[in-house]
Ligand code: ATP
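This document starts with one chain, in the form predicted on its own, laid out as structure tokens.
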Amino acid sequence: MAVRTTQLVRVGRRELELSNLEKNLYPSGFTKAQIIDYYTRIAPVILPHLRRRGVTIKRYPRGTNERVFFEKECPAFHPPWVKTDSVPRQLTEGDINYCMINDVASLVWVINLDAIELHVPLARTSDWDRPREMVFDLDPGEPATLLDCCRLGLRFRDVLLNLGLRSFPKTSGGKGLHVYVPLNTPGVTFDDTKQFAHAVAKIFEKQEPRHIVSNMKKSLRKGKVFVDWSQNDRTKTTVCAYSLRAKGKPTVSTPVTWKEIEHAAEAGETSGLTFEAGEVLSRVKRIADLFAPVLNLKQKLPA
């Protein structure tokens, strides 16, 4: 049985006890210490996308190749300075008491639970029924690839722009692409965004049924890009911008520009859209947060 090791560190005004920092959580050898270091250094840009959201954490105590634990409820043993907020459960009585990741110390405390991925809803806990944004999750079914998602993403960009809506892409950190539409306006509901997203997905499917599918059945996705419109629901979450992904290597769900997507589509090559932790830190230092407009840009869905 492995011996548990601990180390006391100070994060701002807080003292935290971190455990088993030498543990490899990725097949590539990326350790828990490196994961915590990444999240500490990326904190200035990831925290705005986590604040006031009910974060679902994915914990991998034995590494990315082993069983994952999804955790919504904030552990009872959380320190008093990790704030919590409650939202009503949808299918059962009672509330979910989420950890609020509003500062660096809270972020590090959560990651020390062997958390690798951070997933966020589209609404804040204080206004659980109002989506701040709309998302299209473009997911390729083999042998379709990220390249197919890029080509479709560009069409999404143009259609949305014709409807008066700016959109912002990010990689999933795996094989897919996420297209976000900021809203940030009062009065919009999940019924509004889900119906709109479903209608757009069905239009694309009708135009190219051999290459695009909007139906949820997995058996229909082979060789097609699945447009997951159902993410636009108060119960659903999507991996947060700048979150690590639990893959073979420490890839990151990374905001990108439409120019980068265009370049990949024209070149027929998407290797330039795969970013690991160190690359993302350098990238953010160079170009800041490409996803910042998603937090504040106000847009209205067309009638």
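Residue positions are given as counts along the sequence shown, with the first one as 1. It should be emphasised that the depicted structure is a prediction, and the values quoted were computed from it without experimental measurement.
Missing here is the form predicted together with adenosine-5'-triphosphate; even so, the following discussion is about that form.
Undergrad: Tell me, out of D114, D148, D137, D85, which residue has a non-hydrogen atom within 4.5 angstroms of adenosine-5'-triphosphate in the model of the complex.
TA: Answer to the contact question: D137.
Undergrad: Which of these residues, T40, T237, T31, T274, gets a heavy atom within 4.5 Å of adenosine-5'-triphosphate in the model of the complex?
TA: Among T40, T237, T31, T274, a heavy atom within 4.5 Å of adenosine-5'-triphosphate in the model of the complex occurs only for T237.
Undergrad: Under a 4.5 Å heavy atom criterion, is R132 part of the interface with adenosine-5'-triphosphate in the model of the complex?
TA: Output for R132 is no: heavy atoms all beyond 4.5 Å of adenosine-5'-triphosphate.
Undergrad: Using a 4.5 Å heavy atom cut-off, state whether P75 contacts adenosine-5'-triphosphate in the model of the complex.
TA: No - in the model of the complex, heavy atoms of P75 and adenosine-5'-triphosphate never come within 4.5 Å of each other.
Undergrad: Are any of the heavy atoms in T193 no more than 4.5 Å from a heavy atom of adenosine-5'-triphosphate in the model of the complex?
TA: Taking the distances in the model of the complex, the answer for T193 is no, it never comes within 4.5 Å of adenosine-5'-triphosphate.
Undergrad: Can any non-hydrogen atom of K175 be found within 4.5 angstroms of adenosine-5'-triphosphate in the model of the complex?
TA: K175: contacts adenosine-5'-triphosphate in the model of the complex.
Undergrad: For the chain seen here without its partner, which of 59 to 67, 41 to 49, 265 to 273, 237 to 245 has a heavy atom within 4.5 Å of adenosine-5'-triphosphate in the model of the complex?
TA: Selected range: 237 to 245.
Undergrad: Could you list the residues in 111 to 130 that come within 4.5 Å of adenosine-5'-triphosphate in the model of the complex, counting only heavy atoms and keeping sequence order?
TA: Only H119 sits within 4.5 Å of the partner.
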